[in-house]
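Listed next as structure tokens is one chain, alone, in the form predicted on its own.
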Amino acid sequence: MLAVRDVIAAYGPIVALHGISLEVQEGSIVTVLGANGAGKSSTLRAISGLLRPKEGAIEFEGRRIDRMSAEEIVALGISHVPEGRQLFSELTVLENLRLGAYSRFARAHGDGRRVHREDLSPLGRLRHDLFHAATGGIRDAAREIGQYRRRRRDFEAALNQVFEHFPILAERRKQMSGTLSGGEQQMLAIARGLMANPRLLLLDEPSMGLAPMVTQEIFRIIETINRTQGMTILLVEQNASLALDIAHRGYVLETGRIVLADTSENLQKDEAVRRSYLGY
């Protein structure tokens, strides 16, 4: 589904990624491990279009995306849940979720009539507009109402699905997101990402700043989303033990370079990983 090939990326003169390569298979959870400053977040930023690679290629479902804008990449089905949640703190839980669904329901304005109109002479455009005003308004209104109703049903279905994963958010739907606990804010950040109906979910440090019990609950939900929805997930995480427990495959980053890549089971057995990241 996702292939990152020999990507070099930098912030000005500071090179963050030194030719990294990784793959994510559809339906899997893949984790990227590493210390602070290893390049984990930069990897996700490069994939989601927030950091433009200097060299290399990124492909999503066989299509090059490394020269696309972040908006175009979201529209393809990649949703990025950033480090630190980055919620709209002065908006309610429900309003944040509505914003997450924006790209899902946004529609380009204009259709074949507009393209046709632009090819007409000025007199032809006038005739076109008069005819459309006389005959097309009712049809367009009916079509807009039908589209609105379908989008509304789709939104409610998506909302119910995220509330099934995060029932506390249903209880807090009218609460300002800035007043939620840290764990609830992380749940909202993930739920907002899911509202875009992504095919690939990028999660950046979902355990950051959370108590151990809350972290375990977050990871249980991530695993459930993958198992029940078939959601493909690329997970950046410092808590290597929890990440490897739910992931199918893992990569270890050190100073912007991939130094290890294997199945999660094999990485858990690797002595260097155990000593550096698992603490035993």
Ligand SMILES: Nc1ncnc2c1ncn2[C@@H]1O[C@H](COP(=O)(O)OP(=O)(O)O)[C@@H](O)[C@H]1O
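The first residue of the shown sequence is 1; numbering continues from there. The structure presented is a predicted model; accordingly, all values stated were derived computationally and were not measured.
Quick note: we don't show the form predicted together with the named molecule, though the next part is all about it.
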**Prompt:** Among 226-234, 239-247, 35-43, 60-68, which stretch has residues whose heavy atoms lie within 4.5 Å of the named molecule in the model of the complex?
**Reply:** 35-43
**Full three-residue contact with the named molecule in the model of the complex, heavy atom 4.5 Å, for Glu217, Phe219 and Leu278** = no
**Message:** in the model of the complex, does Ala16 come within 4.5 Å of the named molecule, counting heavy atoms only?
**Reply:** yes
**Asked** Does the named molecule get within 4.5 angstroms of any non-hydrogen atom of Glu95 in the model of the complex?
**Response** no
**Message:** Using a 4.5 angstroms cut-off on non-hydrogen atoms, would Glu83 count as touching the named molecule in the model of the complex?
**Reply:** yes
